[in-house]
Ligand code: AHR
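So this first bit is one chain, no partners, the form predicted on its own, shown in structure tokens.
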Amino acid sequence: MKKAVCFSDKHYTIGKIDEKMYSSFTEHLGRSIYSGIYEPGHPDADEDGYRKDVMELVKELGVPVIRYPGGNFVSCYDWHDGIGPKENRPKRMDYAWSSIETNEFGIDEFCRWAKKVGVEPMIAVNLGTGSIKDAGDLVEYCNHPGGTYWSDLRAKNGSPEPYNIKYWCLGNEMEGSWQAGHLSAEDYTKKALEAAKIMKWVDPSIKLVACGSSYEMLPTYMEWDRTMLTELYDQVDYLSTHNYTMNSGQGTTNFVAAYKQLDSHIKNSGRVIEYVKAKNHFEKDLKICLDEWNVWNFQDIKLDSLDDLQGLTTFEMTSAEKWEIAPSILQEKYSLLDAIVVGGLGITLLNNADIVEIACLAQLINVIAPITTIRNGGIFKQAIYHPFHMLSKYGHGTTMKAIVNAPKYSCDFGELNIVEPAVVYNEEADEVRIFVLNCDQEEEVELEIDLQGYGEKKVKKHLVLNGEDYEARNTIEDPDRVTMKELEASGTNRVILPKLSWNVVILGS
């Protein structure tokens, strides 16, 4: 059996974990909204048409913030289409996903749903085909108390109290050619700067997220951020970036090691922030908003690899014809291996808690999501639900620096330790919580945990995500085929990590 040691000293910290680290995202795409969040006539729908079974699982996940309404969708979206009497709302072509948008569900429905679920909205404005005035009007509609056209219209539409939305995204992936209204860095900067000005004139208390580089294969990667932040730095509060991991053409070893790729991606964004701050003598710190991240295997898009995104302007689906209403597209069927990799990506988020303040698992329901619903039927948890749930449940406190002494393995990202941990100290519970990935595909590993300064701590809980069939998937018929299992706690400072597994180890007094 291989052996590894994880050292942690209470005096050496990485950063306080923000509650918004476990946020998510829902877009007008596929069945994310329609027959996901919203399905009037469903046996389990409430008086507003919201599925109660969905609300229960979202509450269980403990998601604090949800980004809406896109995504690529937002760059052609006119928010005015989604307010007022539903019988008067127009049906529109959604160019992003070649679907028909009925507009039965809009900003009011989302904010009311968010209140019921107990989550905070993060709203993206259309900086593709939309105008800067549209963005300001939307802030007025959502946040102004009353006495103006848009705020009074909100009251007339059934919401006399303002929504007081704090977080606003200045567009989505505007560096990409697939985005409607795609802009150069210089042109995006001009438009975002003017939108930010108007939006903050309406409500100075809001926090703004600027579009950063999302995909490393693009020629503008990082240069986009440098150009844009030079002018926008003092007007915004977060730099957005996106990161998806694909299990295609790279082999299991590299797929499992995706946590290292995400770590490099986050640190690259951080380096641009630090460069622009130092170069221009800015005073404040900007944080990263990783507002889209997940495993996305492109099971439903005719795409061989993420590199094919370069120069792409449209996505071709395999499971739907063009111009359907809420088609069943991008409904990834996640495996145990996918779930283990999602857990590893979560470890990277924790280990970058000093710079990542918001992270949104993309998406929440049906579309590349941890929750899957059946139209007019039941609901089940995809395999990736479980590591995300454990992160949101136990990943609170301060991430501590961890030093690992372990055997190495080779992958495209270099020579890496066979175990990858994130050590979290929860002061309120006086617990050390270690999220740890065993990357060895053949052997279990004995992990010794060497803690200094925490007092006497022993293993009192050990949860594991593993199995013999890494292609195992949950279904509506077999909803618990992939789930977390609890192993017997050792009562010592040692645990056995099963081969190729993701673990949560809790130590207490």
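What you see is a predicted model, and the numbers here were worked out from it, not measured in a lab. One-based numbering along the sequence shown.
Beyond the structure shown, there is the form predicted together with the named molecule, which is absent from this document and is the topic of what follows.
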Exercise for the section: Indicate whether Leu364 is a 4.5 Å heavy atom neighbour of the named molecule in the predicted bound form. Expected result: no
Handout entry: is_contact(Gln382, the named molecule) in the predicted bound form, heavy atom dist at most 4.5 Å
Key = no
Problem - the named molecule contact in the predicted bound form: Tyr22, any heavy atom under 4.5 Å - result: no
Exercise for the section: Would you please decide whether Ile368 lies within 4.5 angstroms of the named molecule in the predicted bound form, comparing each non-hydrogen atom pair? Expected result: yes
Handout entry: Selected contact from Tyr275, Phe282, Tyr409, Trp178, since only one has a non-hydrogen atom within 4.5 angstroms of the named molecule in the predicted bound form
Key = Trp178
Problem - Single option in Leu29, Val482, Ile37, Leu447 placed near the named molecule in the predicted bound form, where near means a heavy atom within 4.5 Å - result: Leu29
Exercise for the section: Name the stretch: of 333-341, 115-123, 240-248, 205-213, exactly one has residues whose heavy atoms fall within 4.5 Å of the named molecule in the predicted bound form. Expected result: 240-248
Handout entry: Residues within 4.5 Å of the named molecule in the predicted bound form, restricted to 161-196 and counted by heavy atom
Key = Asn172, Glu173, Trp178
